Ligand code: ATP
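First, one chain by itself in structure tokens, the form predicted on its own.
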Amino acid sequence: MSKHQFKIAVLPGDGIGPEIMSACIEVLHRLLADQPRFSLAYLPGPGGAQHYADTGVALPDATMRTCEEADAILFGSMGLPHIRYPDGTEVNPQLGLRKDFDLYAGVRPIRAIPGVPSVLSDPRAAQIDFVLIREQSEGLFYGRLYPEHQPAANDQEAFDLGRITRKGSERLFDFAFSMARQRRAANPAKGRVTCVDKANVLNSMAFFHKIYWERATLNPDIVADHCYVDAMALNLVKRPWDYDVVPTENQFGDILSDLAAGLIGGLGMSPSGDIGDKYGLFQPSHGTAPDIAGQGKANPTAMILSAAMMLDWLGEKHGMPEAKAEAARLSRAVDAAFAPARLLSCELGGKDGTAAITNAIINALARESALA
């Protein structure tokens, strides 16, 4: 049987992006060193805020072509607070990638990792395991994605145009119900979708809410319920272990995913995938952290778990169970590295930096291989 090679576009970006990407590639090399069925070919792509400052272009055409031709995109972090577009907004090329590749589902798994301290004292915090799905093609980000439709600002007022469509909502909810079904197959305790909106105030959200219940009717095998966004912010602090799959609007998802990450140790532990019907981009949920860049302090865990998501997605998309098995093995290695509570990253008050965490995960992989 011939060995399949997946082409992976690698965009390290700014700040700590290159450091965590390097750690991630090192872990992937160790993970797949003896994998007979497939391999990864890494295709580098420059881009980011510093690239914009140096060249006037945030993502060059060559990088876009690399992404188009790749099987998946592995993305570090882009943006620097002191480098901005003329309108005052930060340079965030990932928004353009979401638009150009129609990456409409922002998948943010929120899972407690053994050994990583939680801000919640309740012992049930160890059971936290849900997925927030952020709609990324419209909502309150619509005016930023499509500035030609955005009302012009002046010295007296500014606007942000939001938009909700039937197409965008239906595919988000169908994605959520499908994911709930997959999660229930792996764990019979799962299989619930909770729509988050503000339908009691906003017309667009009332429309979103209406479409959700239409799609729920078409998925009667999955438990469906609903929560207003303000109540969800409260519930995620009081009882996050109650939730499974949580689809929501673009801006609400942006906010709630950061809140949710805080429950499991912070953004350094929080991976994400931007998924469309054809393309997939995988990146940590955190930013570029320029204040610690180059100091070896950055936590690469979210980047590494994002790579695990990428492998799982590739396995699903290409019917390759070996890739899904390697994704599960990588996630287990992260758990094994942290479970004895030997690691504590700098954002959690510890001293374990990029190298220590990377080596601990590689050692966990080696231990599992030795046992096998």
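Note that the structure is predicted; figures quoted are calculated from it, not measured. Quick note: we count residues from 1 along the sequence shown, nothing fancier.
A second form of this protein, the form predicted together with this ligand, is not displayed here; the remarks below concern that form.
Only one of the listed residues (Asp258, Glu170, Asp71, Asp102) places a non-hydrogen atom within 4.5 angstroms of this ligand in the model of the complex, and that residue is Asp258. Proximity to this ligand in the model of the complex, taken as a non-hydrogen atom within 4.5 angstroms, holds for one residue of Gly287, Gly143, Gly262, Gly191, which is Gly287. Listed stretches are 359-367, 346-354, 5-13, 21-29; the contact stretch with this ligand in the model of the complex is 346-354, by a heavy atom cutoff of 4.5 Å. This ligand in the model of the complex is approached by Leu267, whose closest heavy atom lies within 4.5 angstroms of it. This ligand in the model of the complex is not approached by Thr248, whose heavy atoms all lie more than 4.5 angstroms from it. Taking non-hydrogen atoms only, Gln136 never approaches this ligand to within 4.5 angstroms in the model of the complex. Ile292 belongs to the set of residues with a heavy atom inside 4.5 Å of this ligand in the model of the complex. Residues of 305-322 that come within 4.5 Å of this ligand in the model of the complex, judged by any heavy atom, do not exist; none qualify.
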